[in-house]
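What follows is a single chain, given as C-alpha cells, in the form predicted on its own.
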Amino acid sequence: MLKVNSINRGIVIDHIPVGKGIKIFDKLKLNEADFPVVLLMNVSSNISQKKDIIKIENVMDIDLTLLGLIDSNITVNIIDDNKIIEKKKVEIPGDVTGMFKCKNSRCISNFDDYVTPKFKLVHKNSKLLYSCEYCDELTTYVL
C-alpha cells in the first residue's frame, strides 16, 4: 500500500491526465525544489478512472496558462492548515506569450531575439490552434 501524507501548507495539482504529470513536473522544474514534492501517477479517479497528481509542500507561483494549455480539466488546490482554502480551475488561454514558438521558420519571432512569440486562440475544438500575431501561421502547443 502506497501512503502519501497530506500536506500542511502548499499546492495540489489535481486531475492531471495520465502521463502528463511528469511533463508538468519537468516544466515547473520541481526536480530542482528544495522542499517536499510528490508526483503520483496512475492514481484511481472517479471521473477519468486514472489521473496524475502533484503535491507541493510549499507556496509557489504556478503558471495557470501553462496548465491550461496542457488540459483545462486540471485543478489547483491551495492548502493551508491541512485544508483546501482555494480551488483554482484552469482555462484554455486565449492569449499566449513566449510559451512556444511559431511553426513558420520564416516568422520574425523565430530569428529576431527582440521579438517574443505571441499567439491568439482561434479554435477550441478537439485541437487548440493558435494564430501567430506576426505571421498568422496556425500553431499548436505540444507538451
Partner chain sequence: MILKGRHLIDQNDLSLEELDQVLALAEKMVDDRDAYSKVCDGKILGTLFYEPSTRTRLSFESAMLRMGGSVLGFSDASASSVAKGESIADTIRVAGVYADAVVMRHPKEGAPKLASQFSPVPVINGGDGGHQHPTQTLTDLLTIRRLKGRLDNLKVAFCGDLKFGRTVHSLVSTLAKLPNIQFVFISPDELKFPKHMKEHLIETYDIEVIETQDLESVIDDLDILYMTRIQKERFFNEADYVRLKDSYILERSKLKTAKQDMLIMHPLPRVNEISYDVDDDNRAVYFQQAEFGVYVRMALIALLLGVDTDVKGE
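Numbering follows the first chain given and starts at 1. Every value quoted in this text rests on a predicted model; they were computed, and no experiment measured them.
A second form of this protein, the form predicted together with its partner chain, is not displayed here; the remarks below concern that form.
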Worksheet entry | Distance check, E133 to its partner chain in the predicted complex, heavy atom within 4.5 Å | yes
Worksheet item: Does at least one non-hydrogen atom of C107 fall within 4.5 angstroms of its partner chain in the predicted complex?
Response: yes
Fill in: Distance check, L40 to its partner chain in the predicted complex, heavy atom within 4.5 Å
no
Fill in: D81, heavy atom within 4.5 angstroms of its partner chain in the predicted complex
no
Practice prompt. Just one of 64-72, 112-120, 24-32, 89-97 has residues with a heavy atom within 4.5 Å of its partner chain in the predicted complex, so point it out.
Written response: 112-120
